[in-house]
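Here's a solo chain for you in structure tokens, the form predicted on its own.
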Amino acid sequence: MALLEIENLSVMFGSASRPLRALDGLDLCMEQGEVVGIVGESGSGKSTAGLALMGLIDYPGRVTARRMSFADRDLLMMPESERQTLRGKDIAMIFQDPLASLNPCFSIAYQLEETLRVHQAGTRAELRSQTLALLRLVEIPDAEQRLDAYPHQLSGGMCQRVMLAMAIACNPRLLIADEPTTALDVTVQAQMLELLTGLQKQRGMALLLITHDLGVVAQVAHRVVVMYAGQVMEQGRVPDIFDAPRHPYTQALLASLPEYNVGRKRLATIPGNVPSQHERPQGCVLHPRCSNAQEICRTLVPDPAEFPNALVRCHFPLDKTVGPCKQNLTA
């Protein structure tokens, strides 16, 4: 039995007559202990997917799905009180900006103890002891001295470690990490990623890693979901998709990596931008930026097509023998 099963998950904002579809028909299945990466440019719907799974899309946002279950429990029909119990305990999330997520008015100890207090009983001394153990687990130096510190007294990297400690405090079965290495310097990024993946393996958690960094996904993920303008463009096993992408967008993302641009003066780029909600083109949402686009791409939305170990939404999937740098994809 899969830990997480999602079919046709959509998130809409705006009025019913003029809806803004931030997420459009996400299908995702995760097993216990599996690491899945969601990648794409800003505005692709990655973070929206994570918030929808957590039940954190507030009005006027509307979440719909054919199926959304966790450990065989229906998240769509679940009462809000039960969803609150599940959130933070069985499903936890590390948010993108730790300084915005931590309350500047309360100490680190208070905020960690509050997380524990919501989901389990314990005396004040017991909670403080668990809090100290969590800080040591996420490798915060001088953990005992940091307990009574406030967020502004910690570096960005340490604040992100505190957020990780809060997320794993109740041993979740699924951890959603939204850009966990953003705004950290390269050395701290590597340390944070190593810590995150080490805890994932140690605790057997499923990890949904939301990122724009394909290099991170290549290092740690088993499968990858490539999103663009709210839609899944390609989904499959990391080795297959990184070695021979079938979607032009995936290939263009890979072709922009530094390791594929050795000897060039400038990195390869994808022209244009992700369209805003009011500027979604007809047909394939990628066609204005894709040199492979033909007339059918401008008029007809492609349906996802199944290939061995991959799912691709494209009228003209690429030849599997063509690697990320062997074909010009963008105009």
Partner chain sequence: MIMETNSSQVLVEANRLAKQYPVAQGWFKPPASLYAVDGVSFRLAAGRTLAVVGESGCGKSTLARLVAMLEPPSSGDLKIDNIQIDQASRSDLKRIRPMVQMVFQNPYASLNPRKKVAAILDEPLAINTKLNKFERKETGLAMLAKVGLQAEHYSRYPHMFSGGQRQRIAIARALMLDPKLIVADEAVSALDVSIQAQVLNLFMDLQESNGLAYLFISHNLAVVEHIADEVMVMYLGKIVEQAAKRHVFDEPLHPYTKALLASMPRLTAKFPQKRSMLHEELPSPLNPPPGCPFSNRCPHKKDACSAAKPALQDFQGRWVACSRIAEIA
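As the structure is a prediction and not an experimental result, all values here were calculated from the model. Residue numbers count along the first chain shown, from 1.
Missing here is the form predicted together with the partner chain; even so, the following discussion is about that form.
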{"query": "Glu194, Leu214 and Leu267 each touching the partner chain in the predicted complex (heavy atom, 4.5 Å)", "finding": "yes"}
{"query": "Partner proximity in the predicted complex: Asp185 to the partner chain, non-hydrogen atom cutoff 4.5 Å", "finding": "yes"}
{"query": "The partner chain contact in the predicted complex: Gly272, any heavy atom under 4.5 Å", "finding": "yes"}
{"query": "Proximity of Glu144 to the partner chain in the predicted complex, heavy atoms at 4.5 Å", "finding": "no"}
{"query": "Heavy atom of Ala190 within 4.5 Å of the partner chain in the predicted complex", "finding": "yes"}
{"query": "The partner chain in the predicted complex: contacting segment from 69 to 77, 202 to 210, 152 to 160, 121 to 129, heavy atom within 4.5 Å", "finding": "152 to 160"}
{"query": "Listed residue (Ile241, Ile176, Val232, Leu253) with a non-hydrogen atom within 4.5 angstroms of the partner chain in the predicted complex", "finding": "Leu253"}
{"query": "The partner chain in the predicted complex - contacting residues of 239 to 262, heavy atom within 4.5 Å", "finding": "Phe242, Leu253, Ser256, Leu257, Pro258, Glu259, Tyr260, Asn261"}
